[in-house]
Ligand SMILES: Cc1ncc(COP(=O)(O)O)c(C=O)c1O
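Here we start with a single chain on its own, the form predicted on its own, put down as structure tokens.
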């Protein structure tokens, strides 16, 4: 339901300009490289407020060279997907969680508020117009990238007086080239992804750009991703761009699925929340949001109490972790053996919902 208390654009005012020439669609779904025929743009200014939403042919943006999003990183984004079900209907997965997170990120970035339901309806119309781009397969989907940037044409560090909210779409297959294999992680506390009081719980570009240097150092050590640690006790926080889960027998001898708590340095992932909701509903083992340290993990590995460890996210869904390089040691993480099939079970239940095989109020029909 729309929130009329927020000055916002309205989906009812949407203007649609269809492209006269449609692109050919690729045979291989490479993530984030080929975009659909149309995009959504919504402009805002402090003097005139929100303008009418516009769906138009995909094209370049025109920005002032002094634009503060370029100089000071006043920008944010979201990541969500549209899935073509076995019944040929298109579904979004828990999109209001994305809208809520985007609104929270907007507030932190001093960008203007908007009605989340109105934006979701505009996104629905965009996906509907480019529906032919949604793959006819259960192994791929349409990735949706809402983006919000300051267009303030000034070098002053201040709250933006103008902004642009836009949405682009692309086909998405496997996020990792070797998705069938377990990931290897490099854990070194000298780099920090986020810190208390920072923006680690917001989906802002700066959180990702500053991670690149560590990512390439991880590759130099023979690993694919970084395991981000925090604090003197080397708390486990995230893996690359993913939330992280540990399935183990804890210190009290209980079977437990644990993930770090949302304390300001953890991104509140939609897949993360869905895994918590799903496994708590099963009631088969303890499910907690708690602090985990490398000391605890190393001790549990020595005692053979670790069942499985995996990352989660919209782009990758569920990604098993097989090795961690930490303080000169190569830690082997049990993965997908006869005693640990949790990732397969979670992935199946989530994809069954996303592709409409299991009815659920988590899906939003386009």
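Being a predicted model, the structure only gives us computed values, none of them experimental. Positions refer to the first chain, counted from 1.
What comes next is about the form predicted together with the ligand, which is not displayed.
Counting only non-hydrogen atoms and a 4.5 angstroms cut-off, does residue 271 reach the ligand in the predicted bound form?
So residue 271 counts as contacting the ligand.
Given that the partner is absent here, does residue 69 sit within 4.5 Å of the ligand in the predicted bound form, heavy atoms only?
No, residue 69 sits far enough from the ligand in the predicted bound form that none of its heavy atoms falls within 4.5 Å.
Might residue 320 be said to contact the ligand in the predicted bound form, defining contact as any heavy atom within 4.5 Å?
Contact with the ligand, no.
Tell me, yes or no, whether residue 238 is in contact with the ligand in the predicted bound form, where a contact means a heavy atom of each within 4.5 Å.
Answer yes; at least one heavy atom of residue 238 falls within 4.5 Å of the ligand in the predicted bound form.
Just to confirm the contact call: exactly one of 118 to 126, 291 to 299, 238 to 246, 134 to 142 touches the ligand in the predicted bound form at a 4.5 Å heavy atom cutoff, so which is it?
It is 238 to 246 that comes within 4.5 Å of the partner.
What is the one choice in 169, 149, 185, 267 with a heavy atom within 4.5 Å of the ligand in the predicted bound form?
Result of the distance check: 267.
Among the candidate residues 285, 208, 221, 195, which is the single one with a non-hydrogen atom no more than 4.5 Å from the ligand in the predicted bound form?
It is 208 that has a heavy atom within 4.5 Å of the partner.
Can you tell me which residues in 298 to 329 come within 4.5 angstroms of the ligand in the predicted bound form, by heavy atoms?
Contacting residues: 312, 313, 314.
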